[in-house]
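Below, in structure tokens: the form predicted on its own, a single chain.
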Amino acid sequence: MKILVIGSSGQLGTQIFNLKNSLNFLDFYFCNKNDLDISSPESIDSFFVNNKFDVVINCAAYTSVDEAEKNFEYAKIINGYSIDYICKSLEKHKPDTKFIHLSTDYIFDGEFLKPICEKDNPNPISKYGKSKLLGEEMLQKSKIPSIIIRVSWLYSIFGKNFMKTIINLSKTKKSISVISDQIGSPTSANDLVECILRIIASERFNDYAQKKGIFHFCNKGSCSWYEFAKEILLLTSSDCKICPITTDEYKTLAARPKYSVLDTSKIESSFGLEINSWKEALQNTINSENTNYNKLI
């Protein structure tokens, strides 16, 4: 099986690359923005004329939530219209290619009292969320068999993310203020990659892709950013103090959902998954043999 990973330099694409050597039954091809300009329909079409794949995993995204408020048109191209460009090219050159697309909890407004199901109505409150929802809509209206996986609070040992930011800040600061009134579920990129690979290997993959399935994935349980930060520093034996603050005390350009815990029961039952708790997943990441967090740069 030949698999294309778009966005190979991001934290999720890098995580897949890091695991690929243990997956001899799959033939991976990785491309970043230097290999494939997803903002250009011509570049995309030229690429897929010459390259055919069984599965495309789209890890590419404009992920700067606040910058998207100022660069909305570009965010819409990268997170939204690029999906349309890719699908139209695949429809011409290899329409049976299955497309796995990563989306976000930020397509929801946060006005929920219980974990969010796939059937709950999106209502993004940021331009980043709107651009990601546009991408979902582009994929859903295409003829390409596809699966959308919405994730929340993604982190890994690669790229830029909350976990690494907290660890790095703790090395130079005696205290850090972290928001305590936004609730979500941290998602380990390693666990997400294992989920994606489980889906690809599943006998039900084709059926769900033909039905253009939408799934939610995150690690089990929920917490605030403040609680997440406390657990990170506990596991790294840091003396830095974490101080809780409210959303109103920490002004940002983009609004964030107050509650974005995702219900994962559908993806668990569909593919027979057992998902780690967020604390267990975080500990596995902190203790990963691929890094030493006391030496993190």
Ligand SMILES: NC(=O)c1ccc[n+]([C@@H]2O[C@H](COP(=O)([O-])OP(=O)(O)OC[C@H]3O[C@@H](n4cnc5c(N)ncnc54)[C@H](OP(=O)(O)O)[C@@H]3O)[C@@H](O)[C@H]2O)c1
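Everything quoted here is computed from the prediction, not taken from an experiment. All residue numbers are counted from 1 along the displayed sequence.
Not on display, but discussed next: the form predicted in complex with this ligand.
Enquirer: Considering this ligand in the predicted bound form, which of 126, 222, 103, 97 comes within 4.5 Å of it through any heavy atom?
Expert: Partner contact (heavy atom, 4.5 Å) among the options: 103.
Enquirer: If you check 81, 226, 74, 112 against this ligand in the predicted bound form, which one has a heavy atom within 4.5 Å?
Expert: Contact check passes for 74.
Enquirer: Counting any heavy atom within 4.5 Å as contact, can you tell me which stretch out of 263-271, 250-258, 46-54, 28-36 lines this ligand in the predicted bound form?
Expert: This holds for exactly one stretch, 28-36.
Enquirer: Residue-level question: is residue 153 within 4.5 Å of this ligand in the predicted bound form, judged on heavy atoms?
Expert: Residue 153 belongs to the contact set for this ligand.
Enquirer: Given that the partner is absent here, does residue 11 sit within 4.5 Å of this ligand in the predicted bound form, heavy atoms only?
Expert: Yes.
Enquirer: Applying a 4.5 Å heavy atom distance criterion, does residue 61 contact this ligand in the predicted bound form?
Expert: Yes - in the predicted bound form, heavy atoms of residue 61 and this ligand come within 4.5 Å of each other.
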